[in-house]
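Presented below, as structure tokens, is a lone chain in the form predicted on its own.
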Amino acid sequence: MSSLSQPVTVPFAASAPGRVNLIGEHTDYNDGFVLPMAIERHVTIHVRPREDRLAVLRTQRDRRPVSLDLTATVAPVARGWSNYVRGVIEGYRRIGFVIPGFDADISATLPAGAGLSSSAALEVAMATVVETLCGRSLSRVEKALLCQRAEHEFAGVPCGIMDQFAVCCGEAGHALQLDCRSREVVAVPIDAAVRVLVFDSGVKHSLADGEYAKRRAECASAAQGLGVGSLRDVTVADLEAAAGRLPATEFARARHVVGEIARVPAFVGALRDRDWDRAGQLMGKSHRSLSADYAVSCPELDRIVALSAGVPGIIGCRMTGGGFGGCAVALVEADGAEATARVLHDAYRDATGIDAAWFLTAAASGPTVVVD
């Protein structure tokens, strides 16, 4: 635990970015590798200190206030966005933070349900608010883990560590290769010759509907069937040799995870070597595995990836995030990137009738605080 200079007692704004995962999907809860980066879209919380010990929260979409008594245990509610905030506040209370009262107006340039970690951004933004009000802070790792626990306990989503780590540890101009077992983070420069395109399928997802938890349970069962602690300990050759020992569905899930873990360092090597053909091939393999073996894609995401193959300037494309909708991510040539994105947009609109949102982004830094 570290200390800020002093508690902030004047109005301020705390922001936390979303994240896009370049490759390494559904590997974080299997102790594997991931390669996310923070993006230039944020959740921002404008804070005004209060004289009492209430937290009064409002969002730009729902102006009805949520009031929390900061002198008492904060409990989750049946459903709703406030559980992400409640879990963070209670997490800090449990470790001895005495949180003063505040009004909070929450806004976002980050779309919810698009696979860009809006929930983690909200959690980390609120964690940053608490630390700023209290004048003390956790390390980035401690902060990420507290936010992860909030999502587990209050939102009911058994997420891995990738989202919160990516949001807390974001570094401008770099993706982050995260070893989800050791928690080692290595910054990987993103060459100026390429840009990252985030392309929204227009299909919203919800990770709390049971599918995410089901995939996680299938992976745990597959690891148990293979006699290992996690699928991180299985090689491609090991898995093929044990094909008959697993039910077909569990074998398919394991095949995705084992292959995807291997694709992350291979993709990092392609980025460092500026081997764009190899990078694109790995993104394509990742998507096909997510669609066929892990069954977390959807027809719209599959269509985006298929259409991208015919668009000059797109190096590679895949779904990103938990799946069942949300966004695709593409690596595109920097020269003409906006024109490239418009070509994909028009092709997708012609094929599906969906006027999809998209944006180009550089890798961004982690949470920030600005005093009003």
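Residue indices: 1-based, along the sequence shown. Quantities reported herein were computed from a predicted structural model and do not represent experimental measurements.
One more form of this protein, predicted together with ligand GLA, exists but is not displayed; see below.
Review point. Pick from C159, C134, L110, L271: which has a non-hydrogen atom within 4.5 Å of ligand GLA in the predicted complex?
Key: Exactly one residue meets the criterion: C159.
Review point. G322, G32, G316, P36: which sits within 4.5 Å of ligand GLA in the predicted complex by any heavy atom?
Key: Going through each option in turn, the one that passes is G322.
Check your understanding: Are any of the heavy atoms in H42 no more than 4.5 Å from a heavy atom of ligand GLA in the predicted complex?
Key -> Because no heavy atom of H42 falls inside 4.5 Å of ligand GLA in the predicted complex, the answer is no.
Review point. Is D163 close enough to ligand GLA in the predicted complex to count, meaning some heavy atom within 4.5 Å?
Key: So D163 counts as contacting ligand GLA.
Review point. Using heavy atoms and a 4.5 Å limit, would one call F97 a contact residue for ligand GLA in the predicted complex?
Key: No, F97 stays farther than 4.5 Å from ligand GLA in the predicted complex.
Point to revise | Residue contact check: W81 to ligand GLA in the predicted complex, 4.5 Å heavy atom | key: W81: no, not in contact with ligand GLA in the predicted complex.
Practice item. Would you point out which of 24 to 32, 305 to 313, 54 to 62, 330 to 338 contains residues with a non-hydrogen atom within 4.5 Å of ligand GLA in the predicted complex? Key: Correct option: 24 to 32.
Review point. Does anything in 210 to 226 come within 4.5 Å of ligand GLA in the predicted complex by heavy atoms, and if so which residues, in order?
Key: Residue within 4.5 Å: Y212 only.
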